[in-house]
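Just the one chain here, laid out as structure tokens, in the form predicted alone.
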């Protein structure tokens, strides 16, 4: 893989988004979300997804300039409508609406309906943590998992996430799908024509498979069996039922359904830490907790115990210094979209450009 500067990737994605009809300020938000995923090593939610977003915009399945509107408002609780706009843009705007409400009232919450796939939840949670807040975030997704005992796709991989500020230079970040593996990993295996590990998925007939194509036509297995099923349902209720979005198998597929909108739903609950205890005390308690965890007795062969978010923070630091890796397939898609949208291709390997 070649490596590319964060700045050059963000500018390239911004230019392509604007050429597709995304307003300039929204294109900045959109590009930041995608590139940040690649920066932290989550390439399944990064620039590799740009092509399908642009295609859905061109097919008029995403409104690139949709306003974020308020359906209901009571105190610090909002029911928001994304207007079939870009999920990353509308969700970040929703977070910006919640921040002053959480600072005033201690907590603020929002549902967002009529949205799209919106990338990595940790991007929103980390943004809240940078401001001394804790965001609990959930989203439903296109059908990928069956309820326990079934093999018909109903739930998405339905992730849940939260990030907690620390003095360590990175937040403690919990961001996990309720599936045994993120579906993006199966998509990546399909693109590389590689098998997936046993225990990840069932084929369309409900049989275990290592074929990524069969897995994408079948179902991904839930994490921890019936416990993952229960968590997936909880996310579906918060994100789909409460928001008024599509639920379960009615959620549109980003890749398969090029004839209708996705109508994805999200749920955000934002906490101001200072409503619960003094911020310095909180940071001291976080430091102590992390220290105790990292000082735990290690199993044979283990050099260091990491806390959630620590590994991705190290990956981000390395990628900032050395450039963000981009697969040849993703780079080729960028070049194709540049030709199609008449945008100059300016994304060059870090050896030929300045690292930001």
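Residue numbers count along the first chain shown, from 1. These numbers were taken from a predicted model, which means no experiment stands behind them.
Keep in mind that the form predicted in complex with another copy of the chain is not shown, yet the notes after this line are about it.
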Only hit among 94, 261, 187, 286 for heavy atom within 4.5 Å of another copy of the chain in the predicted complex is 286
Interface check vs another copy of the chain in the predicted complex: of 196, 78, 254, 214, the one with a heavy atom inside 4.5 Å is 78
How about residue 278 - does it come within 4.5 Å of another copy of the chain in the predicted complex, if we only consider non-hydrogen atoms?
yes
Open item on the list: Given that another copy of the chain is not shown alongside this chain, does residue 168 nevertheless sit within 4.5 Å of it in the predicted complex, heavy atom to heavy atom?
Closed with: no
Is there any non-hydrogen atom of residue 111 lying within 4.5 Å of another copy of the chain in the predicted complex?
-> yes
field: Contact flag, residue 152 vs another copy of the chain in the predicted complex, heavy atom cut 4.5 Å
entry: yes
Q | Candidate spot 27, 68 and 191, all three touching another copy of the chain in the predicted complex (heavy atom, 4.5 Å) | A | no
The stretch from 289-297, 57-65, 31-39, 320-328 that lies within 4.5 Å of another copy of the chain in the predicted complex, judged by heavy atoms, is 289-297
Looking in the predicted complex, the residues of 116-136 with a heavy atom no more than 4.5 Å from another copy of the chain, listed in order, are 134, 136
